[in-house]
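There is one chain below, alone, in structure tokens, taken in the form predicted on its own.
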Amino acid sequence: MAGSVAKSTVWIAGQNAGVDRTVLLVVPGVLFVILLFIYPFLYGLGLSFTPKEGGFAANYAKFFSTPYLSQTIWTTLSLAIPATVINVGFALPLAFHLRHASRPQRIISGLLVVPITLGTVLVAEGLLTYLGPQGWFNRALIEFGLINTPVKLTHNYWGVLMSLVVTGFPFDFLLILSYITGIDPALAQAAATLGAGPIQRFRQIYLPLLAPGLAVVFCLAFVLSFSVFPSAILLGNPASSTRVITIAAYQAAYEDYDYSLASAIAMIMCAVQLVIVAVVLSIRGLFYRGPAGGAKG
């Protein structure tokens, strides 16, 4: 009884002091972010400025002055940006077509979950079997007389790109579908009664409302593609054409045991991704200016 009275007294005192006790529910999440993201990030940032040799910025100078390292940025971008554009570009019309709840929507959504559950390693192994010189794809083309020699689709750029498309497309489709199904169909119906055609309805109604969601999907898809690692090794040529920046960081850390340089490469990865995200969000403003400003016509 005394304990209950004491708890009630503390609660009343907290309320009188203007303290919202529900804020305490945020504490576990904040601690989780600090321990698993902020602290490792700050530690890695500090470690990147403590090179084995040279001044505090020697790691960054070494990275950008060594073509074998610096060109990994362009190699990664040449994979991540096309894969993201392809995935979002194909996911948007498919999600738009399946925006109404139906049996095909449920079937396709269920099937597209499979690549996500398999993971990048199993998908890469499957593509090696399917697209390899002796895989089903090349055998079918040879049997139908379309080609005489197998098409090289693995251990090069195209194998990694296809892997990013296979693993990234379901993720983008499901996210875009969730945004589209959240738009009230009455808006498009009202526009139709005013004489707006399908293209006008998409451009004037759906696209402005989808712009914030599409920007988020594009950013998330790009970050996932930019961090490609297993596919670049299993399906690509990690020594040259698909030597992405994650491979450079891995080699610095676990082959050269230069954790300071590896941390610097990780920081450069973060900076490049933030630049692309900032560009995408700025482009979003061309189509969407928020609830108060409305959409540009």
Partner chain sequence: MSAAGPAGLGTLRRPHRWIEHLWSATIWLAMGFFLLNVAGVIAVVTVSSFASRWLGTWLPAGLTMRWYATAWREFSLNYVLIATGQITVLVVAISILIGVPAAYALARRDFALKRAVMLLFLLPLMVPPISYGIPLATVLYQSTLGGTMWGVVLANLVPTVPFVVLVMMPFIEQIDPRLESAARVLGAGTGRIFIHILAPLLAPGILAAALLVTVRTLSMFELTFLTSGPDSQTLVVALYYSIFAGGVRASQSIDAMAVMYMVNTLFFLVVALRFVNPTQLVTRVKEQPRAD
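A quick note: this is a predicted structure, and the numbers were derived from the prediction, not measured. In this text, rigid core is short for the largest set of C-alphas that superpose within 1.5 Å between two forms. Residue numbers count along the first chain shown, from 1.
What comes next is about the form predicted in complex with the partner chain, which does not appear here.
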Out of Y39, F56, Y68, F64, which one falls within 4.5 Å of the partner chain in the predicted complex, going by heavy atoms?
Y39
So which of I108, V151, L77, V85 gets a non-hydrogen atom within 4.5 Å of the partner chain in the predicted complex?
I108
Indicate whether the partner chain has at least one heavy atom within 4.5 Å of a heavy atom of V272 in the predicted complex.
no
Test of understanding: in the predicted complex, would L25 fall inside 4.5 Å of the partner chain by heavy atoms?
yes
Whether F171 contacts the partner chain in the predicted complex should be assessed with a 4.5 Å heavy atom distance threshold; does it?
yes
Could you confirm whether V33 comes within 4.5 Å of the partner chain in the predicted complex, counting heavy atoms only?
yes
Interface residues of 74 to 98 toward the partner chain, as seen in the predicted complex [heavy atoms, 4.5 Å]
P93, L94, F96, H97, L98
Cα displacement of V114 between the shown form and the other one reaching 2 Å, rigid core superposed
no
Would you say L174 moves its Cα by 2 Å or more between the shown form and the other one, aligning on the core?
no
After the core is overlaid between the shown form and the other one, has the C-alpha of V165 moved by 2 angstroms or more?
no
